[in-house]
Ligand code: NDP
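Okay, so here's just one chain, in structure tokens, the form predicted on its own.
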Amino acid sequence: MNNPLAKTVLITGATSGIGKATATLFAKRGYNVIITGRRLEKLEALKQKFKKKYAVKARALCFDIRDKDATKKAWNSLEPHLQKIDILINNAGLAKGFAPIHKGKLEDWEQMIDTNIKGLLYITRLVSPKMVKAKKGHIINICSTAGHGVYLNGNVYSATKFAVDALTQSMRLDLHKHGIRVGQISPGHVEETEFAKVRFSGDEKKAAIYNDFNPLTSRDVADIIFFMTTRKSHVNIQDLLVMGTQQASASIIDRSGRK
């Protein structure tokens, strides 16, 4: 049954991977969900699934988060009561390209910067004033191990995730006095996502990077996000760095086989 008292969560980049797994878990637990992404068919299919299977309120917003005008237009299309977001999960992000700095493609760099940093800022700027007014809210940014340590050919992607880490810390300083919790999760390698496929521009052979070890799954990360957002109101988990057991750092992995 639809619960009028249910909290509302907005998840960006919800058509696949961590975003999809997180949206699914929140819907399963009775939250109203607003999902965003660029692929309308996938968004609509998810929305209908959430409504029918979990009997929750669900809305789909199709836009490119790199476009500040499109982001604002999508936000303004929501009825005022739906703009009262309890939890914002800034998940939309990507890695594009895997080249040393002197061979990197400018278009790849711009796509990562525009999505991972500017897109996060665009949606946060729209959602956070409502949280400030309400004196409550929770923002979770999806960072990465790449935001805590660099690795070969990770240059600009790492730079964008270091920026996410800095923004998370800065946002917390700005918003904590308004009763708003700000945290982030920094996963290592995660399968059940399109991360590697996007990074290597659809090259299935290059994207097959998980065959010889067990990484995290998107559902593992979703479980942790849900845990972070369901602590008592006086508890704020500020940062969680999480990797599969066979991964010791951003670049050191036991590739002796899947366990």
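So that there is no doubt, residue numbering starts at 1 and follows the sequence shown. From a predicted model like this one, the values you see are computed outputs, not experimental measurements.
One more form of this protein should be noted, the form predicted in complex with the ligand, which is absent from this view; the next part is about it.
Which one, M228, V56, V190, I34, lies within 4.5 Å of the ligand in the predicted complex by heavy atoms?
-> Of the listed residues, the single hit is V190.
Examine E44 and determine whether its closest non-hydrogen atom to the ligand in the predicted complex is within 4.5 angstroms.
-> Flag for E44 set to no.
Contact label in the predicted complex: N236 to the ligand, heavy atom within 4.5 Å = Looking in the predicted complex, residue contacts with the ligand do not include N236, since no heavy atom lies within 4.5 Å.
Please check if S16 has a heavy atom lying within 4.5 Å of any heavy atom of the ligand in the predicted complex.
-> Heavy-atom contact with the ligand at 4.5 Å: present for S16.
Using the partner position in the predicted complex, report whether T124 sits within 4.5 Å of the ligand, counting heavy atoms only.
-> Looking in the predicted complex, residue contacts with the ligand do not include T124, since no heavy atom lies within 4.5 Å.
Exactly one stretch in 91 to 99, 73 to 81, 170 to 178, 129 to 137 has heavy atoms within 4.5 Å of the ligand in the predicted complex; which is it?
-> Residues of 91 to 99 come within 4.5 Å of the partner.
Using heavy atoms and a 4.5 Å cut-off, decide whether K7, F26 and R29 all contact the ligand in the predicted complex.
-> Checking in the predicted complex: none of K7, F26 and R29 is within 4.5 Å of the ligand.
From first to last in sequence, which residues of 205 to 231 have any non-hydrogen atom within 4.5 angstroms of the ligand in the predicted complex?
-> Sequence-ordered list has one entry, Y210.
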